[in-house]
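What follows is a single chain, given as structure tokens, in the form predicted on its own.
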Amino acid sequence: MATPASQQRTRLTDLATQAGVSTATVSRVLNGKPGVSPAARQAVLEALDLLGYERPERLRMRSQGLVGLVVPELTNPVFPLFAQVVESILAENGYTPLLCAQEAGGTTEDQYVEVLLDHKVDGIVFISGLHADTTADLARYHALRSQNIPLVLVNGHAEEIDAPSISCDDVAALDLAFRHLVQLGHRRIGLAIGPDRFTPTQRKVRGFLDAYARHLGEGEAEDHVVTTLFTVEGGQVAAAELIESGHTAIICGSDLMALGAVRAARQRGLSVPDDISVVGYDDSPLIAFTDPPLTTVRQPVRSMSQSAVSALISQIAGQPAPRSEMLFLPELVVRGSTSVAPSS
């Protein structure tokens, strides 16, 4: 039977391994001693949480306030990823996040905002909210700003809203994907995308059309765009249409759509990537472990989240935050779902 001393050594070793630091560093953090970098301290705190250990009283940071975090849903794994990273950065800065995740037919964004205001939050981060819907009434955001509620908008810039805006550069993302496929010899490249009322959709379509003209310079690029839903089923439907019309490569507006495109290809007895190349978007968690591992365009989630939280905290502190949109460059991650174009 383990003694208390051996249990303590085991805990220190487990925490050190998880955090990637020495047991001495773990000990200094747990005992509140100086000489530990902020990064190492945070790594130990995260290890405590991940391994299910209760934080010692001295390590329980007093909350500086509540911050609302509103996401459209949790089915698409990129939204839980954003939520996790934003919540972690807020916690590092002493704020307690209140996550509001919507579901179809459930609590709406406006209803969540009412709850957050009842809890007297210090600010709200909206990720792909109604601000990204070009048909939505933006008066709800103007009302919040009239109450001096600090806001930050992620992915879905709306110039009329008086708030900092953080976005991934969708136009650059589509150029990265398109250039990759052209270099592999593809000339029949299609785009499977979600509803066109959303700002990110419109930008991805614009990026595709620009890339088509720049790299191929022939034909009607609009004929190679199929609009459905940002879901596996939506990707499957769009890919089926693109495959039937002779496309050898498909760029998708989300990783979920890309998984649907792979399904559509296999239903027709085609191989990915030998017959059809597929590119996703987001680099969601676990996407590297699909069959085949998905080539995708990665959103810089941590950098975007860090900037969003910094902009919000600046506003909470009464400091000015930039009202112009901050665009973050994506990264192409090449894996196993793309290959050279099949010979005719």
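Throughout, we count residues from 1 along the sequence that is shown. Every value quoted in this text rests on a predicted model; they were computed, and no experiment measured them.
Quick note: we don't show the form predicted in complex with a further copy of the same chain, though the next part is all about it.
S.K.: With heavy atoms only and a cut-off of 4.5 Å, decide whether residue 222 touches a further copy of the same chain in the predicted complex.
M.R.: No, no contact at 4.5 Å.
S.K.: Do residue 115 and a further copy of the same chain come within 4.5 Å of each other in the predicted complex, heavy atoms counted?
M.R.: Looking in the predicted complex, residue contacts with a further copy of the same chain include residue 115, since a heavy atom lies within 4.5 Å.
S.K.: Does a further copy of the same chain get within 4.5 angstroms of any non-hydrogen atom of residue 95 in the predicted complex?
M.R.: Close contact exists here: in the predicted complex, residue 95 approaches a further copy of the same chain to within 4.5 Å, heavy atoms only.
S.K.: Residue 148: heavy atom within 4.5 Å of a further copy of the same chain in the predicted complex?
M.R.: Residue 148 lies outside the contact set for a further copy of the same chain.
S.K.: Using heavy atoms only and a 4.5 Å cut-off, decide whether all three of 103, 119 and 130 touch a further copy of the same chain in the predicted complex.
M.R.: Heavy-atom distance to a further copy of the same chain in the predicted complex: all three under 4.5 Å.
S.K.: Looking at 140, 214, 206, 188, which has any heavy atom no more than 4.5 Å from a further copy of the same chain in the predicted complex?
M.R.: Comparing distances to a further copy of the same chain in the predicted complex, the residue within 4.5 Å is 140.
S.K.: Among 159, 244, 218, 110, which has at least one heavy atom within 4.5 Å of a further copy of the same chain in the predicted complex?
M.R.: Exactly one residue meets the criterion: 110.
S.K.: Taking 4.5 angstroms as the heavy atom distance cut-off, pick the stretch from 206-214, 148-156, 178-186, 71-79 that is near a further copy of the same chain in the predicted complex.
M.R.: Checking each option against the 4.5 Å cut-off leaves 71-79.
S.K.: For the stretch 77-91, I need every residue with any heavy atom inside 4.5 Å of a further copy of the same chain in the predicted complex, listed N to C.
M.R.: In sequence order, 77, 80, 83, 84, 87, 88, 91 come within 4.5 Å of the partner.
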